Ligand code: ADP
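Form predicted alone, single chain, as structure tokens, below.
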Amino acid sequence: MNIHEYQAKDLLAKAGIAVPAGYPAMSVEEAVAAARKLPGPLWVVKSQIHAGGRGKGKFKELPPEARGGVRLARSLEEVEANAREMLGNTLVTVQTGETGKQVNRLYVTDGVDIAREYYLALLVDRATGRIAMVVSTEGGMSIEDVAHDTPEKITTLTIDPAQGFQPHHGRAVAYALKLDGAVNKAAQKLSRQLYDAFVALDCSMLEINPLVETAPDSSGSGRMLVLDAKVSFDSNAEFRHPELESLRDESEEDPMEVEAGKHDLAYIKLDGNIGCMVNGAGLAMATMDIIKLNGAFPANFCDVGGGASKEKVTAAFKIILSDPAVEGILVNIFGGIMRCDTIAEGIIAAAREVDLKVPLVVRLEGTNVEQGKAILAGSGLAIVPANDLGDAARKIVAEVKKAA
């Protein structure tokens, strides 16, 4: 699950991590009211969508010269004008693709006098089974660009979960960021706080870009401040954090994925034209690969799981068919715990309910396979049977081309 920047900063602030003061706003009036609560004379008006690259993004409805989704304002009038331009319009960034995302929320924060910008992120390194901490002196930039152009400026530390965060990890972070004095100690403390928050919240990613060093104050020293934060949580651990459910913004998610979640289905929308319904993630990946090998592209990843009921299969089938890009469906089931006759009954029920009008190829193997095939054959529906995965992929691609 992903959350908005203002929600992420609120969680970090509760963990004792320093963030600029700010308030969310759902309307122009709320944005101005938020600015009035802050000292000024500089404010930042930030579009809140689940995508990066907001500062360099462009609004579809605005002229090309219009500034991006993160803007400075030097008066309340500028706050109001920026909020009016942003809310309700579609922001296109490098991460949203051409369709963009509609901005329904804003975050108005206090301006910060920045001396330097850094990058710091935590994520799960699945190769080592450890939490990795990625740091760079090149904050405020796309980390992908840094990795491509100047990879030597990225340092990655891995933390053994059996030992947890140790003082030497903090020192390594501060050293990688080339810090000294008070900000060196602040970075060590901050890196521990971020690690503790990452573990406590069961995050899958916690990215701070930029992490900033503020200009020196009267004491001659700056502070370390989280200027932007992107947080996502491990969906498998959501049951441990019911308090986070209220942070979910379904308007930022694909409607089909939201509906699939209600039926405990693993579904991810893709850009192709062949709908896939498979049981098992590995088999689903192989199915998508062989569809592409035969010259077409999968429209989704859909894993109904090992013990799906007729109702669950019916729901999956209906979700796949709700995608207007789907021109054909390939069902590939290997029945171990899953029974092929149950799959067949679910397919028939869904096909009749939605008035199936696209080609359907079904490959069944495993428990009760003969009963499943007999049910499909006796359905009276135009279902094309397949003997194996290669045969199924070739048939669905041919059927889609024939129907075009």
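Don't overthink the numbering: it's just position in the shown sequence, from 1. Computed from a predicted model, the values in this text were never measured in an experiment.
Not pictured, yet referred to below: the form predicted together with adenosine-5'-diphosphate (ADP).
The shortest heavy atom separation between residue 336 and adenosine-5'-diphosphate (ADP) in the model of the complex exceeds 4.5 Å. Using a 4.5 angstroms limit between non-hydrogen atoms, residue 52 touches adenosine-5'-diphosphate (ADP) in the model of the complex. adenosine-5'-diphosphate (ADP) in the model of the complex comes within 4.5 Å of no heavy atom belonging to residue 200. Residue contact check for residue 363: none of its heavy atoms lie within 4.5 Å of adenosine-5'-diphosphate (ADP) in the model of the complex.
Residue in contact with adenosine-5'-diphosphate (ADP) in the model of the complex (any heavy atom within 4.5 Å), chosen from 314, 279, 209, 136: 209. Proximity to adenosine-5'-diphosphate (ADP) in the model of the complex, defined as a heavy atom within 4.5 Å, holds among 32, 349, 356, 70 only for 70. Annotation: in the model of the complex, residues 255, 270 and 323 none come within 4.5 Å of adenosine-5'-diphosphate (ADP) through any heavy atom.
Of the candidate stretches 148-156, 111-119, 284-292, 233-241, only 111-119 has residues whose heavy atoms lie within 4.5 Å of adenosine-5'-diphosphate (ADP) in the model of the complex.
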